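Both blocks below hold the same protein chain, though in two forms, and each is given as structure tokens: structure 1 and structure 2.
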Structure 1
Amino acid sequence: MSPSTASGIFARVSFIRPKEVAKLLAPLLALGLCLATDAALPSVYPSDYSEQYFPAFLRIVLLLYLACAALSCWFKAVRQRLLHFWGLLIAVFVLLTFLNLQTVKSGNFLLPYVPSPDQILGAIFGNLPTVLDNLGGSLSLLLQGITLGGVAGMVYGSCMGYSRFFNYWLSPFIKLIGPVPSTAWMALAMVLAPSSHAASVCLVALSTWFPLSVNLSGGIRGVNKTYIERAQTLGASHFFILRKVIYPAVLPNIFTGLFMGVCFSLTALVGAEMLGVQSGLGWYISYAEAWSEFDLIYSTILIFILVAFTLITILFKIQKQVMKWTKGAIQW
């Protein structure tokens, strides 16, 4: 690297205030404390237990944080992210330290009910093929159900909101069926569906259909009638009015319904995977519970949290791109 190139790189380093430096270093100190206590104290519970995953996990997190801290000198967005989450990062590292001390380092929290962080990580990476198989099964079932429920919700909500005739005949069904939890329909789904997989997909779809239909129909009824009348005066068809006038106006309602539908679908997924499905995160939790393998339960719940957070984050990223003109929608 030539001296001019190096000087150019360092010239782009943005100024970091001392207060910001302190906030960037505080999580690093908390992570260092976690690493130091794990390395200094022997593992005594269970007897002769040897950690395999937790020390490596902490070192990987340390390297990632150091890389992000270095990038924050050049990229203000990275620095703002680290400064925003600095308190939460400290809390996470302190919690990991406390849990590690109370489990494998002392045995104050007894097995199998409270496994150590190393055992939870071992349940994931030690059974990675099984975990990936169950994760793939849940994602496939969830996405199929959300897609089916989303399409049904768009059609049902559009008919209810746009047509008085359809609203008269369709609204009683959604008022009677929609509020009922999808898991209450498990027995009926098993009888009517051609397979257990189809029954599970229908239960997840039902959880998406209801909130999307209600939000969309309510949004359509709230659209200014002047816009519709002007479009009709110009000879626009009903399909054109829906596509160009109504749907752009009710985008906040659509994304609100999708947000609620995804949340309800994640809840329904666990129950849906009890209908004879042989893979999935919900099925895996039931299996681990039957054998009292709490490390599998905790690890699967952790994966469930990451999946839910990722799906909802993607949904709101799409909303942010599609609805750049609004700031009043649900924030994530």
Structure 2
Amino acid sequence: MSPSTASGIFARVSFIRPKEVAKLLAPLLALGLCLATDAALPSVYPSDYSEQYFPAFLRIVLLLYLACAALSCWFKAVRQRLLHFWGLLIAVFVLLTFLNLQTVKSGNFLLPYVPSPDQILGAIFGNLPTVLDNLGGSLSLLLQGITLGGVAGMVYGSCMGYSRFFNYWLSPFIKLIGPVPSTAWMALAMVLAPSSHAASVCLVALSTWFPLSVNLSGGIRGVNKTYIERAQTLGASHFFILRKVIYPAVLPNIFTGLFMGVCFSLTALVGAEMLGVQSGLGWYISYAEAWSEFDLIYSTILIFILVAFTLITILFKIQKQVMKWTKGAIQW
């Protein structure tokens, strides 16, 4: 059909090639398979158990996918996203089907060690206030720690990179303290800090401070000397050079440091919450373990995945925005 004979909307829809249509429809088949097996096969779990969340979850996913697919007819960006993720989406739906079949539909995977997808979802949505409370606590602790560690790391790394004097006195400290796992400080921090919350913030801060300082000071010392000399011959002061030459030049190092800092911080956070603070996602996992509530453990891990992924995605989005001049920065 030629665009001239077709009316507006259909003319644009017709630009999607048949192969692309197949790719857009394939995840629907996998999702349909998941829905169909879940609805058709009986549960082997005790008779007082009934699925509450999984079918609804699948229907919401189905609706979302249909909405995206519809949008993709008009918005090229959406279409490209879907066409990029189609294989991964199929894999996710097939894995979900597999897990569902092996647990609630056949009992091959034993309870309580491997719960069904429905139970994992139930552990989140059935305890939503508790989950949100702990998530909020963890996020606030994490953000406080990362902020504190970020500021400390910027100052420490700048001093170490910029001045020989500071480098002499500060670098042995970071070389000795930095690599020690933050949880090793736990017992001490609990005693020395005014509260267990403050202790945890400090431990998270420590794990951001270390990689950020090391990356930043190394970056500052490695700044292309001609950038600085050129600025000097153009009449720039030390302070101007620091702001307009050195910091922009080390932005990639700062972001690498922050990226590593966020990853280390999550480890520190879980350790701190498990050992010290009696709240947060880390505590929630150890609590669930004590009561052998594996569905809680799985669901909390799921939340951790989402938190870590979101934080790092935000970080890379900021980097992309701040470092607009780069062609190919580190991709996430």
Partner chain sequence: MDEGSHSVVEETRQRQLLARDITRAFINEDGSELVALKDFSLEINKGQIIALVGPSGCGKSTFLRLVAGLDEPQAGTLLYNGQPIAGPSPDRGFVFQQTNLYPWLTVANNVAFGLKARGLYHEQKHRVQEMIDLMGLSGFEKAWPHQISGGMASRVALAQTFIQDPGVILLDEPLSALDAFTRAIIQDEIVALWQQFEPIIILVSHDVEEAVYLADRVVVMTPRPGRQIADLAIDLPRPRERTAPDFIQIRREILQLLKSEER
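The term rigid core refers to the most C-alpha atoms you can superpose between the two forms while keeping them within 1.5 Å. Residue numbering: structure 1 sequence, from 1. Given the structure is predicted, the values throughout are model-derived calculations rather than measurements.
One chain, two forms displayed separately, with the form predicted together with the partner chain being the second of them, structure 2. Superposition on the rigid core between structure 1 and structure 2 places the CA atom of Tyr49 2 Å or more away from its counterpart. Annotation for Cys202: C-alpha shift under 2 angstroms between structure 1 and structure 2, rigid core superposed. Core-superposed comparison between structure 1 and structure 2: the Cα of Ala189 travels less than 2 Å. Relative to the superposed core, Ile241 moves its CA by 2.8 Å between structure 1 and structure 2.
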